[in-house]
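What follows is a single chain, given as structure tokens, in the form predicted on its own.
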Amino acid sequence: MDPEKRLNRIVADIQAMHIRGAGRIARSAILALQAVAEGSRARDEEAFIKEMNSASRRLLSTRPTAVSLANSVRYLMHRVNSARREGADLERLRSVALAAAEDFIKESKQAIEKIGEIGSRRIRSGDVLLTHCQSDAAAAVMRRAWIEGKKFSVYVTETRPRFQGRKTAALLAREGIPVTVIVDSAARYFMNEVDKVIVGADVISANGALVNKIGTASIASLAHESRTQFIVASETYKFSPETAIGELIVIEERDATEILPKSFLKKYPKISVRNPSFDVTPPEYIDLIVTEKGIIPPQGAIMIIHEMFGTIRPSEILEYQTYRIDEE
């Protein structure tokens, strides 16, 4: 496929949520940048950088809350820009971009496997689990535990309004795991039966707060009230360096037609709709975070950020700042 067409397709698919899940979004963004680098017709280094920057900004504008997307773009472009500052020529810049893309995809997939291996140790035979939305990392934990011979069952919320939970239910059922699908508002009704809640993450902030699919915070509150363990499974590239320098995470609001049909809204024009995609779970409701580097308490998030990004410098962070992209 033509690089421009592939970029356009991926941008459109991320915006329309045909590509879902923070990990898939991040890898898709990398594949788009890889295609741009491969097909670039730039005749000099500056033109190549300009082309890559333009593609990066288009990708960053698609999902303003998805820090995994911003961090994947930052991962690749940081290497390209560093090579340029060291005097790399055009072909060297292209090879650096392509190598960075391959490395990110490999590392992100290995992270899921490692999270599954580490997190599965927290599941016991006889457990009743509950999960919300669709998360490769959370699913990997449950799948690995099942493969290890542990017998448990899972409540899966439908996850309205996009019903991502149905995909999670299908994935777990294909593994042979007993699954019961419930409406989101039934979480309280079933919580006393649940031993552990396990969810993924879209963003983890410097103070350990979790940004995840809308409804997660309510479930975490119920788990806290019921003394039910609340576990987050997350790759470290979902930790937000922006939050370490005081930036706030802007919660994306999506189209009203995800909740009410266009015909209804047209018939009742005075009805307004709010449709936030995510909410924020405070760190005190989180028992532990499973990463590919090991299990940490939410208070350990800042250590992960410093390990990955070193000393946080605002000028570097804002170079590919997700949350400010719409202002530029």
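One rule holds for the numbers: they count along the sequence shown, beginning at 1. Nothing here was measured: the structure is a model prediction, and the numbers come from that model.
What comes next is about the form predicted together with a small molecule, which is not displayed.
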Contact at Gln34, Val73 and Leu76 by the small molecule in the predicted complex, all three, heavy atom at most 4.5 Å:
no
Residue-level question: is Ser277 within 4.5 Å of the small molecule in the predicted complex, judged on heavy atoms?
yes
With a 4.5 Å heavy atom cut-off, would you call Val11 a contact of the small molecule in the predicted complex?
no
Taking the small molecule as it sits in the predicted complex, is Gln164 in contact with it (heavy atom to heavy atom, 4.5 Å or less)?
yes
Since only the chain is shown here, I'm wondering whether Ala101 would be in contact with the small molecule in the predicted complex (any heavy atom pair within 4.5 Å).
no
Checked Ala201, Val80, Ala223, Ala111 for heavy atoms within 4.5 Å of the small molecule in the predicted complex; positive is Ala201
So which of 81 to 89, 172 to 180, 201 to 209, 150 to 158 is the stretch with heavy atoms within 4.5 Å of the small molecule in the predicted complex?
201 to 209
